[in-house]
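Next up is one chain by itself, shown in structure tokens, the form predicted alone.
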């Protein structure tokens, strides 16, 4: 499937509305996230490696906030011989529809695609769960409950891969990483108007937290091990093992 270049914010908008994963975003999402999230391709690629390590026989694997299915694709491309059930969830109909088309290439593995809010998903018999840049769009007061439900639904030895945009407690650190992130986007062809308007659209929907906040929340869930395994500027990925 061919996707368009992201030019959603390249013209001045009189009113900036909250960012939504609608049809327009779905059509440009691969280009948008590649040019906006440093280290994204690495995180997605390693999702497949984590899956090889942690998937248990006859268990469920969840891709929560699957968007167009990049993480699910990384897992299925590994052709893991251990039998498992793949479940991909997103609350955007546009994303799920595109995801279904993207995953049609995999004939060896059926994927259960679910269009619903993550809070309504019952995590059970899971050995591997992915939350790639999803928790940051969940209201802060609901994040602990969501992670706790994942923990409860994981088998012993199961793992959670959590990737997020983060903020920093120190002003100098925050300024440095924000500036480098903006330079990254400029290097990928976004202009200052696009960067500014997208930031305004996201400020009420994407609510980042500090690295320590994420680790403390994972530890409070009861994970035996939780730590950062990857960071590029203000984007970070954690692994937590039950």
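Positions refer to the first chain, counted from 1. Quick caveat: nothing in here was measured; it's all calculated off a predicted structure.
Absent from the display: the form predicted together with a small molecule. The rest refers to it.
- This chain is displayed alone, yet in the model of the complex one of 97, 91, 149, 73 has a heavy atom within 4.5 Å of the small molecule; that residue is 91.
- Contact annotation for the candidate site: 50, 59 and 110 all lie away from the small molecule in the model of the complex (no heavy atom within 4.5 Å).
- None of 177-185, 51-59, 212-220, 29-37 except one has non-hydrogen atoms within 4.5 angstroms of the small molecule in the model of the complex; the exception is 29-37.
- Taking the partner from elsewhere, residue 132 is found to have a heavy atom lying within 4.5 Å of the small molecule in the model of the complex.
- In the model of the complex, no heavy atom of residue 207 sits within 4.5 Å of the small molecule.
- Contact check for residue 195: no non-hydrogen atom falls within 4.5 Å of the small molecule in the model of the complex.
- When contacts are judged by a 4.5 Å heavy atom cut-off, residue 233 does not count as touching the small molecule in the model of the complex.
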